[in-house]
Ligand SMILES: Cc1cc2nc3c(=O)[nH]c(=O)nc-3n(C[C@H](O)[C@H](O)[C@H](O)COP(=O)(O)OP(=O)(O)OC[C@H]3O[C@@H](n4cnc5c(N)ncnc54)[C@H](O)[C@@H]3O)c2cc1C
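As a starting point, one isolated chain is supplied in C-alpha cells, in the form predicted alone.
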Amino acid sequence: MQRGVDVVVFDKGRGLGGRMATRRADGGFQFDHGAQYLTSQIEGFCAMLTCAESAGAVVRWQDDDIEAAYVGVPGMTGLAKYLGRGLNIRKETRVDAIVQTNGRWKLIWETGHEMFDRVVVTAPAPQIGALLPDGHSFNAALDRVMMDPCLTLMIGLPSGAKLPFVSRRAPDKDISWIVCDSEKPQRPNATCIVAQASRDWSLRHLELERDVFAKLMLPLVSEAIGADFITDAAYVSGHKWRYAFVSQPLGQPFLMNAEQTLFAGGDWCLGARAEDAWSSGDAIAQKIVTGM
C-alpha cells in the first residue's frame, strides 16, 4: 500500500522464490537446486541487493569460477522472503484461469475465485497462454519466447567429504555445472553438491521420472569430480526445471493489454538472469503506479 495499490500474490508453491529455490533434507543437507547465485549490472537491482545485504537476506560470495556474486541467506529463498515481507501472499494456490468479466479480472483456482482490477502474471512464458482465453492478444508474442530445461541432481555426502573444487563450469559437457553448495557462506556443515545437466542432455532426458534421470546423472557427476559417490552418497535426488533458462527473450520489459489492466512479465522478457526478472517486474510496477 506504499504507492496506493493493495497487492495480493498467488504462488502455486509451498514457498517463495520459484527457481531461486532451496531444498532441505534429513541429515543436515541443504541445496540451492535452482539459481545458484546473483550478479548485478543494473543500478536498481544493485540498490535492492545492497538493502537486502544490510537486512541479512543475502551475502557476498566469490569463487574462482564465477564473478563476484550474492547468495541468499540461509538459502537462495532468503531473498524472496525478504522481498515478500509485508505482502498478502497466498501459497499453494495454483491459478487455473484468468477471465475478464465486466472490465475486471476473475482469477479461478480449484477451490475458489476472486475478482481484481489488475492482474500481473509472472509464470514462464509457455505456461501463460493456458491461463488466458483462446486467441488472446498476448499469445503471438508469447509464442516467440523460447525457454530451455535443466535437470538437476542433489547429492549429500557423508560428513567430512571434500570436493577437489568449489565449483566447475563445463558448458560443452553433459554435466555443465557442479558446485559444492556447502562452501557458500552461512551454509550448514554437511557436504552438499548440486549438479546441473547441459541443455542438450536435459532435453534428451526431460520426460524421464526424476529418480530415473538422477540415476543416470550420478555416475556422470562422479566421473567429473573424480571420485565414486555412487556408493558413498547419503542423499540423492533429482529435480526437473522444465523452463529453466531463457534462450530467446521477448525483447521488451513486459506485455500489457490496451486497458492497462493485464500484464505479463518475468525474466523471459529480457534475458536469463535474475535481474532480468526484477527489471521486468519493476517496469510493470512503475507502469501501474505512475501510468507512464
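Note that residue numbering begins at 1 and tracks the sequence as displayed. The structure presented is a predicted model; accordingly, all values stated were derived computationally and were not measured.
Same protein, other form: the form predicted in complex with the named molecule, not shown, and the subject of what follows.
Exercise. Within a 4.5 Å heavy atom cut-off, is residue 132 in contact with the named molecule in the predicted complex?
Worked result: Heavy-atom contact with the named molecule at 4.5 Å: absent for residue 132.
Exercise. Does the named molecule come within 4.5 Å of any heavy atom of residue 190 in the predicted complex?
Worked result: Output for residue 190 is no: heavy atoms all beyond 4.5 Å of the named molecule.
Exercise. Is there a non-hydrogen atom of residue 146 within 4.5 angstroms of a non-hydrogen atom of the named molecule in the predicted complex?
Worked result: Residue-level check for residue 146: no, no contact with the named molecule.
Exercise. Looking in the predicted complex, any heavy atom of residue 274 within 4.5 Å of the named molecule?
Worked result: Flag for residue 274 set to yes.
Exercise. Though the named molecule is not shown, can you say which of 256, 38, 250, 233 has a heavy atom within 4.5 Å of it in the predicted complex?
Worked result: Filtering the options by heavy-atom distance leaves 38.
Problem set entry | Partner-contacting position among 29, 263, 241, 229 - heavy atom within 4.5 Å of the named molecule in the predicted complex | Residue within 4.5 Å of the partner: 241.
For this session: Determine which one of 150 to 158, 136 to 144, 110 to 118, 201 to 209 lies within 4.5 Å of the named molecule in the predicted complex, judging by heavy atom distances; exactly one does.
Result: The contacting stretch here is 150 to 158.
Problem set entry | Stretch 86 to 111 - residues with a heavy atom within 4.5 Å of the named molecule in the predicted complex | Result: 93, 94, 95.
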